[in-house]
Ligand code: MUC
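A single chain, nothing else alongside it, follows as structure tokens in the form predicted on its own.
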Amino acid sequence: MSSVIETIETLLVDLPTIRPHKLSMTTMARQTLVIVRMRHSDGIEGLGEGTTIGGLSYGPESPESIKRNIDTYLAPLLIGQPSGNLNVLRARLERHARGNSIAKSALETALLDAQGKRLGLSVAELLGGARHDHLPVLWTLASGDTRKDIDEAFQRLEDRRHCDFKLKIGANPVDHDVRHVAAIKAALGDRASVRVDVNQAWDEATAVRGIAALQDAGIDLIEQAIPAREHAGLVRLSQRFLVPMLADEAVQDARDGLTLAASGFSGAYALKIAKSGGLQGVLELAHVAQAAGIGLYGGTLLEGTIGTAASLHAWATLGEMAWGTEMFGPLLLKDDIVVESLNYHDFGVDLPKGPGLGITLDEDKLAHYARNH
């Protein structure tokens, strides 16, 4: 008799960050993970994670709403269903629940983890096989202090931990941000690639002025300078400047990717399992980008180890990731809830080994950090 999904438990887990993480729309001092524990009738447990940035600062899903919507609406759609047919279960969620891409991603991750454990295969193998076992990882400099950021970058280079850096800007006046970025690039010189993420903070006129100055300063990539829905403006910026544009919030899924590419956008897409509703959805977007000649970048919503591992299994199946990845989420956290942390070294991270995600929960740490209400 085939296995069925028996129970789906969700936990809110609050982990402190190593330093305040400053973005254009919020400053984070902790990260809240929504951990999914999906138990099946064959005794297998699948793990998933749904994570966002700064409560409701980043998008329409908060940790609390992710948990509530899984518990109330999504879990009942899955409980009692056969465990192994991910395509059917994914279609069932899509048919009965609009949006909620982070919640759906957490559930799909748990389904894949369980199926991998069931078959003795890694998630990457379930998706066709890994083409890489070590992926490059950049580091985000987001203390807000120029000197601190420069010192942090040199320390990361010295430790052979990261050699590409992203700067979060947009919270300050443009001239202030440009001076901050230019000073860091001047200090690092050719030792490191420097990119910026504006997190939708500028209008198009401001973006034209800011990007011109950033291009002159030697910045390699400009991420989401203007609001997500301003597709025409993003296309104009990509055609106006030599420095490539990275679309993030503007491309949630394959349909967005097709629309933007067909409109004449060039540059790169930030892939995030949370935006696309899971690993299969994000790979659909990646394949559209590849067909359109648009570069790939493995993005994060600052997930912990479970969500980061899931993303790495997806990225590992792709060919070239022209702009690498930013899968540093676990490194931003002071502690973890897994038995064995991901292995970061030589400017990147190893793909976890073993069946499923290759991740085991530390029950004591999980109990310590989980909310009791």
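For every residue, the number given is its place in the sequence shown, counted from 1. Computed from a prediction, not measured in an experiment: that's the story for all the values here.
This next part talks about the form predicted together with the named molecule, which is not shown.
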item	value
Heavy atom within 4.5 Å of the named molecule in the predicted bound form - residue from 351, 359, 23, 13	23
Single option in 321, 53, 44, 338 placed near the named molecule in the predicted bound form, where near means a heavy atom within 4.5 Å	53
Contact of residue 249 with the named molecule in the predicted bound form (heavy atom, 4.5 Å)	yes
Exercise: residue 344 in contact with the named molecule in the predicted bound form, heavy atom 4.5 Å	no
Partner contact for residue 168 in the predicted bound form: the named molecule, 4.5 angstroms, heavy atom	yes
Touches the named molecule in the predicted bound form: residue 113 (any heavy atom, 4.5 Å)	no
4.5 Å heavy atom contact with the named molecule in the predicted bound form for all of 49, 69 and 100	no
Which of 294 to 302, 155 to 163, 125 to 133, 255 to 263 sits within 4.5 Å of the named molecule in the predicted bound form, heavy atom basis	294 to 302
In the predicted bound form: members of 316 to 353 within 4.5 Å of the named molecule, any heavy atom	326, 328
